[in-house]
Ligand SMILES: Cc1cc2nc3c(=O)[nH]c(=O)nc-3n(C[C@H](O)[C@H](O)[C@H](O)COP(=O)(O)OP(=O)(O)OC[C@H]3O[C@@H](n4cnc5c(N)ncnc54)[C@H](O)[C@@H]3O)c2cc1C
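Form predicted on its own, single chain, as structure tokens, below.
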């Protein structure tokens, strides 16, 4: 994976996250913020599938020459986004392997527990790595508020609630989870298409998306039925 941030003309309304490609060649793009000149600062992640081991940890997050991957995206020019031009405009591009770890059997040890990437390092599919870390913190705060005099028990309750679904998501992300839709389109229409409905019906996309939301705990029904932890008894609300 190669990451960069570039100022570009706003695309698709200026608030759209975009994913183009498939498992072995992909671009993920989303705006970070609007700029005074009308453009947006965009975050761009380029991915190419490669065999073999990733670079050693000492070489993660290192600046690299864009020529290492730019050729693979040389013809990715769309009416709304010129990918070769944004690569050319990038000042600094950083390289990362796309890696995870096998799920562990335990997070909590006495008054110490794991959270976020320390607990469930996963492939960055569906923005789950960051999103689930936020949920971890919220659930942990809820259980600590429920059991202020029994912190060890609170950590065990937190682990019991969060570890099983995180194990499932970590393993699911190895198979791209809901992003498998992009691979299915590539497999079914390797030479392109004129109508996406001829390749993958909207109902199939919706079903896969809903299955992902349910597994991740983001489906509308579950969210609307969930008690707000910030209003939970004994749990203070902090505002900036």
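Numbering follows the first chain given and starts at 1. Just so you know, these numbers come straight off a predicted model, no measurement behind them.
Missing here is the form predicted together with the named molecule; even so, the following discussion is about that form.
This chain appears without its partner; in the predicted bound form, the one residue of 84, 116, 151, 165 with a heavy atom within 4.5 Å of the named molecule is 116. Of the candidate stretches 99 to 107, 128 to 136, 69 to 77, 141 to 149, only 128 to 136 contains residues with a heavy atom within 4.5 Å of the named molecule in the predicted bound form. Along 2 to 41, residues 3, 30 each place a heavy atom within 4.5 Å of the named molecule in the predicted bound form.
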